[in-house]
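One chain comes next, on its own, written out as structure tokens in the form predicted alone.
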């Protein structure tokens, strides 16, 4: 498999080899970076008594951001609705909010010419049971129902932040166990992605809407937060970020078209390999979480997102309106650079990269040149497990080389982890079946149900 993007000069914000048209005149990856806004409720209970207020708040939020986008003459608007657990468990509630958002977006397109689209992302509630039931049971059935309801109610794109393998990875991340994390990502996560995205692509095909993409948020972003809190090394978090790429790629192998999820910081790798447009978040997501990759995340984006922000009052306006304005101005700068010349766009991209890259290994592995080198190696492997193994090996090699050459700063406390990770990656089995047999013979096997991932248990062999 060859890369969709073959050279650094082609790896730019706003341009993707396989652009996506969706919603009402919205185009992603065709030369213009589009703001993607995500908003949520203030802290409150969601129940029968509060449901009328929930509906009112979503109507208020979507009206506010659409009005401001039109006033600022935004080139387009992508709105993401991430359901809250109560709205997935009770899918008719999720459907009601989709209808509210879609109605407002249609109105602003008709009355103001605001090009727009609605991405709906049901949250993955399957891990509410322990061990998780990934392919049956009440949580899967409600989530599957919400996909179909959302498509019928006005969604233009469907996404999810799936959690297959999380029951194994949560403990592994807390203890800095790379081997167990890779098992959760490359074996369990990849199998779940195949099952889930086959279903999702089918729903979208039937409704004639876009199957957008997934995110390894539950893995890569969990590692990023743990590293920021100094529970695990940033070097390890950087390797896990790259190791999450093959898992997220499965969605595109199954028929997803992009744009990828904003919280998928693995997005540049997905764009390089699959050619899909990507949504990214960085400094713009400080309202939701802090980050050490605030500028470099923007370097090759096609949509620029805020992650999510609550409906709370600030001095100027409600927070979603403020967040939307910041996104619009960021996009205006990128689009102005791109309109000047390719050289101008490359110059802005490189400034975004250089401002972050040397300060944190998590930023270094998002450098476009690093992404292309590692992506090329990933693309040569035939299976998610082998892709993940080579991704981890290449990531630590890039980090080690940059540190030796004085181009990347690694804290003295973390230097020993470079050699430790190199050893652990070198010891990963060459065959997927060997790795599965090994892990099924450990206490890890008690944390998940093999059949939910299409794996035969030891007892059935």
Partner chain sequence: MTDLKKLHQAILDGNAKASAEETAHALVAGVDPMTIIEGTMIPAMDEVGRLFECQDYFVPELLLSGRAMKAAMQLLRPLLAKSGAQPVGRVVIGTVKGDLHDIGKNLVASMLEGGGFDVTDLGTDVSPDRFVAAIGEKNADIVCLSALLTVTMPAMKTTIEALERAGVRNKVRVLIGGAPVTLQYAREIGADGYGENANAAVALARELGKGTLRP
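Worth saying up front: this structure is predicted, and the values here are computed from it rather than measured. Residue numbers count along the first chain shown, from 1.
One more form of this protein should be noted, the form predicted together with its partner chain, which is absent from this view; the next part is about it.
Looking at its partner chain in the model of the complex, residues 41, 84 and 166 each place a heavy atom within 4.5 Å of it.
With the partner omitted here, the residue from 409, 56, 404, 416 that has a non-hydrogen atom within 4.5 angstroms of its partner chain in the model of the complex is 416. Here is the short version: of 310, 326, 145, 335, the single residue with a heavy atom within 4.5 Å of its partner chain in the model of the complex is 310. The stretch in contact with its partner chain in the model of the complex, judged by heavy atoms within 4.5 Å, is 41-49, chosen from 23-31, 390-398, 59-67, 41-49. Using a 4.5 angstroms limit between non-hydrogen atoms, residue 91 is distant from its partner chain in the model of the complex. Taking the partner from the other structure, its partner chain in the model of the complex has a heavy atom within 4.5 Å of a heavy atom of residue 226. The closest non-hydrogen atom of residue 233 lies within 4.5 Å of its partner chain in the model of the complex.
Using a 4.5 angstroms limit between non-hydrogen atoms, residue 285 is distant from its partner chain in the model of the complex.
For the partner-free chain shown, 124, 125, 127, 128 of 122-141 come within 4.5 angstroms of its partner chain in the model of the complex, judged by any non-hydrogen atom.
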